[in-house]
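First comes one chain, alone, set out as structure tokens in the form predicted alone.
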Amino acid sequence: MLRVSELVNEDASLVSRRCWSDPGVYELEKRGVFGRSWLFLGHESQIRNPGDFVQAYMCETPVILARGEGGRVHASVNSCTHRGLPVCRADHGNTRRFVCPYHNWSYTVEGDLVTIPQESEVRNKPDKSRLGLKRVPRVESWRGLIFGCFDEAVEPLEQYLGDMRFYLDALLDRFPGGIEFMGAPHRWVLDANWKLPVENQLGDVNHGAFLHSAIIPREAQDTIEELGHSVVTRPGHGATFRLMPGDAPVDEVAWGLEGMGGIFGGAEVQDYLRDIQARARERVGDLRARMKGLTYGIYPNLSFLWSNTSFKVSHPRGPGKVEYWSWAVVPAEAPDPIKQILRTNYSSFFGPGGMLEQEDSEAWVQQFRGSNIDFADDRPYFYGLGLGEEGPHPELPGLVSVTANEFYARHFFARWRDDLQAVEGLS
């Protein structure tokens, strides 16, 4: 019989291949991880007006994220309380009602049931107030990022994020109006496990010069090794970034200038990006103004790429399938022509057609196949690089080390193991 304690050893330096491939593990994940964690649903820029909605997922549960008539954000399970059909079939839009196509039961954007066409023909009228869509019991927003949780007793979102706010604000607070999500997400399905894209974006920045050698020069990897920091603020949350010298030229520090839009976007785009950097110190302080981020992760399945300005969610579709969602992000107050150009910082390399994302996706698929190899269960994956070398930093919150230290993954799997053990044996 499968025991979670046998999957990840005490210091999380050895991780069983079954963590990626076993259906029993996945069932525990659904309850222990996705049933109890804050999960990313969307950004407030996607639902600016009353009646605006987007679809989201919490694990495999479809959710409607909508702004109600009073301006409040609501999240409801997209399943009619009559026969279970989805009441919303558009990916995004604006509406006054969600209507089930089977019997035309209709619901407000807040999720309340308002119409049952058939009730006029019966004497015993159902209590519609008890038949609304199932609500996500906890929905909270921070800096425009909206999360939901099925566990009513979960800690507040800001407490859950903790010191990761320090690193997220290094970018988000640079822009006077914050960020906005530009367009609908790219979505694609891979024959892989949901955890590997998360791990990749949580701190694995040392594969670039190898897997992506046709695009990323060795000199870029040398810079990461020289200036890079890897941070774990809380197990499962992490950030990697380069801390640039105080006398570094503005073009080497400024966000966006190393992307395709910054390089080829012309003088207007480049001047805009330099101006943002010129004001960064007064907005985020000297230390964070010198941060040039790489990858961020929020437990369990939200990722953020700094240079390519993309938020990503790794939606599980079983132990061996993942639906990956990826949004392009731009400064909210940038002029529209500049936003269009800066979007190419993302689309040139990431998304299902991006040069780097295609190589990553292939690696994730191959890793899942490796996790299913017969007669290899006695060879767990090794996560011991840099074991015990992380420690506190005088200026940076969290545990800090070099980017080659795999402690970001060890801490993720230690938390993951604890979450599964918390529900192990429960019916």
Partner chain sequence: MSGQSLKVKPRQQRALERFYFHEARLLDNRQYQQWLELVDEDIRYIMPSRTNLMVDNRERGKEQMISVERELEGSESMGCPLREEGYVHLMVRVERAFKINAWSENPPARTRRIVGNIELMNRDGNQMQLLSNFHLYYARPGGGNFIYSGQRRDTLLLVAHDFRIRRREVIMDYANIDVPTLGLIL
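Positions refer to the first chain, counted from 1. Remember, it's a predicted structure, so these values are computed and weren't measured experimentally.
Form predicted in complex with its partner chain: not shown, discussed below.
Annotated contact segment (heavy atom within 4.5 Å of its partner chain in the model of the complex): 212-220, selected among 247-255, 165-173, 212-220, 116-124. Shown alone here, residue 225 lies farther than 4.5 Å from its partner chain in the model of the complex, counting heavy atoms only.
Put simply, residue 53 is close to its partner chain in the model of the complex: some heavy atom of it is within 4.5 Å.
Contact annotation: residue 30 falls outside 4.5 Å of its partner chain in the model of the complex, judged by heavy atom distances. At the 4.5 Å threshold, heavy atoms of residue 145 stay clear of its partner chain in the model of the complex, well away from it.
Between the options 92, 82, 283, 274, the residue in contact with its partner chain in the model of the complex by a heavy atom within 4.5 angstroms is 92. Interface residue among 361, 45, 367, 61 relative to its partner chain in the model of the complex, by the heavy atom within 4.5 Å criterion: 361. Contact residues in stretch 177-210 (any heavy atom within 4.5 Å of its partner chain, taken in the model of the complex) are 182, 183, 184, 186, 187, 188, 189, 210.
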